[in-house]
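A single chain, nothing else alongside it, follows as structure tokens in the form predicted on its own.
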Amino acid sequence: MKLSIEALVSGYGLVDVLHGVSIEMAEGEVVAVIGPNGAGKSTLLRTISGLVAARSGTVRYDGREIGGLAASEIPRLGLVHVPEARHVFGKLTVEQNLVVGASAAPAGSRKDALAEVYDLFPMLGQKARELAGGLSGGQQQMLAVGRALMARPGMIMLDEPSLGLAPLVVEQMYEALDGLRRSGLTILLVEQDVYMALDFASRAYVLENGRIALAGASAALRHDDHVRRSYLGI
């Protein structure tokens, strides 16, 4: 398995947010995590990427236990995280932001990685010398994804990539993500737009109150009564 999580418990301070979460993903698979606000979706990604320490359970990437590693070490193994709210460096140029992402890439791959990112997001190439703080929200989201791709990852985790974006920008974003999917990149997606998540991913987990409530093929979950009532408004 590319990613294997077993009985994961994590949280903040004295409060547990995740309660025994188990997830598995094969290489090249696209999996979504859906659920209500406050269910623990972002905490799950933050725990996998080392930003939140696991209290118990295991997180294995490519067969290696990564649960105890520092957050700075995990991208070097090929697992990158694009957090919610983008977090670009506004006083750096677009290209400088991208180069920051290349710090976790194999030596000598920066030029090829830049070319690939500019091919995926041509706007970034056009604005390479502009300050990131002057970009629109959609452009900053593209930059955040591009920066993660500079590490030449084997797997990318995306937290709410469509949040706050205009519909046309969301469409452009998912066209780019579809290219990554077709290239064989393993993708773990947290997405509030459940219709979009289930259309994009082959499988999905429903996370509620820090626990996996449902899991299965996206096509089957679209017809599940609980998912239809709670998330699809049907």
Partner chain sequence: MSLELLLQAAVSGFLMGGIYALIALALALVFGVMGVLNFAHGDLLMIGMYGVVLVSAATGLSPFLAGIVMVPAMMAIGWVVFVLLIRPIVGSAPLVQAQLTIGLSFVIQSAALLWFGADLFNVPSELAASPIRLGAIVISLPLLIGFVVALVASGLLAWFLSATVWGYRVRATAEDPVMAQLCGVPVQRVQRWVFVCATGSLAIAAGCLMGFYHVTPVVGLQFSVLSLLIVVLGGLGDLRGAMVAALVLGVAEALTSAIFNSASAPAALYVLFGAALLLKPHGLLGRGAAV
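Residue numbers count along the first chain shown, from 1. Note that this is a predicted model, so its numbers are computed, not measured.
Same protein, other form: the form predicted in complex with the partner chain, not shown, and the subject of what follows.
Asker: Looking at 74 to 82, 118 to 126, 134 to 142, 160 to 168, which one sits within 4.5 Å of the partner chain in the predicted complex if you count heavy atoms only?
Answerer: That would be 74 to 82.
Asker: Evaluate K111 for contact with the partner chain in the predicted complex, applying a 4.5 angstroms cut-off between non-hydrogen atoms, and reply yes or no.
Answerer: No, no contact at 4.5 Å.
Asker: Would A53 show up as a contact with the partner chain in the predicted complex if we use heavy atoms at 4.5 Å?
Answerer: No - in the predicted complex, heavy atoms of A53 and the partner chain never come within 4.5 Å of each other.
Asker: Indicate whether the partner chain has at least one heavy atom within 4.5 Å of a heavy atom of A104 in the predicted complex.
Answerer: Yes - in the predicted complex, heavy atoms of A104 and the partner chain come within 4.5 Å of each other.
Asker: Counting only non-hydrogen atoms and a 4.5 angstroms cut-off, does V99 reach the partner chain in the predicted complex?
Answerer: Looking in the predicted complex, residue contacts with the partner chain include V99, since a heavy atom lies within 4.5 Å.
Asker: So which of Q172, S49, S202, S42 gets a non-hydrogen atom within 4.5 Å of the partner chain in the predicted complex?
Answerer: Partner contact (heavy atom, 4.5 Å) among the options: S49.
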